[in-house]
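In structure tokens, one chain follows: the form predicted on its own.
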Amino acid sequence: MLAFLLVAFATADPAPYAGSAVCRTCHAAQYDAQSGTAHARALKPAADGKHDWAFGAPVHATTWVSKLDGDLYVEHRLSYYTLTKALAPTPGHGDKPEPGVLYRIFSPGSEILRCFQCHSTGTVSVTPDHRIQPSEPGVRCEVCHGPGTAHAKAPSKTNIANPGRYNGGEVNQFCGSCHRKPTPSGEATNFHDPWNARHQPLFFAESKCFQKSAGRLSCLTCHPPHGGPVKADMCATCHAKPRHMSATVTAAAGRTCISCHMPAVKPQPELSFSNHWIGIFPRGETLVPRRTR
């Protein structure tokens, strides 16, 4: 396994990836819109002079990662949280001491390489002096559309991927490659753990709305792939006249479907995620909705 990782990450040929600047030549509108998204800003060189890399948009938080001696990297103990505009322990660090959690590049789980891979585009390489080098920081065009060199030379629908053609289940699996895939049959997930709410495909797959949509409902239904605000009014497509009780209607005046049926989950005071298990939630519950047929 280690030998495979050495080959896959250290010597993989980046040529099939053209880079988003090449994509912009023909798709300027999509490029410009996507450049402002959280995906595009998911990884960048740190600008503070103290760290090497900044992970995060920051829609929720910015976590810093730096190289230490040899093949050792550190995920720093403190992150900056947008909600509170302050530093606090990085998720999972708790009361761990400084400088933070240490990772070796070629550990059996290859954790730090996988972090860079999900936050960047193209091949992640490792230099002779053990520096991790992503081909293109941020989640750009070719993460979703695949390597684009052949398409740039001879544009055709047959030599580029288009997730817009995928059904809901395929999109869930695709996005889940980084956001965590739905739980395979026979495996259990603790849906009462608030940290799991940040894994959107995992919770979304449990939704009756998703399960009964015959593949029509997907991440792309509400999230424009190249940027823009979430389409909060899509629920009306299937629920034109929701049968709310009068008291609920009064309480919900001026609120969107999302605020009640996709409630905010706060695994720690500095973070808040929308629960993608769409449903009807008992009073005070934000993780597991009432079971419905």
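Please read these numbers as outputs of a predicted model, since none were measured by experiment. Heads up: residue numbers just count along the shown sequence, starting at 1.
Note that the form predicted in complex with a small molecule isn't included here; everything after this is about it.
Participant: Taking heavy atoms and a 4.5 Å cut-off, does residue 204 contact the small molecule in the predicted complex?
Facilitator: Yes.
Participant: May I ask you to state whether residue 50 is within 4.5 Å of the small molecule in the predicted complex, using heavy atom distances?
Facilitator: Residue-level check for residue 50: no, no contact with the small molecule.
Participant: Would residue 167 count as a contact of the small molecule in the predicted complex, using a 4.5 angstroms cut-off between non-hydrogen atoms?
Facilitator: Contact with the small molecule, no.
Participant: Any of the heavy atoms of residue 177 lying within 4.5 Å of the small molecule in the predicted complex?
Facilitator: Contact with the small molecule, yes.
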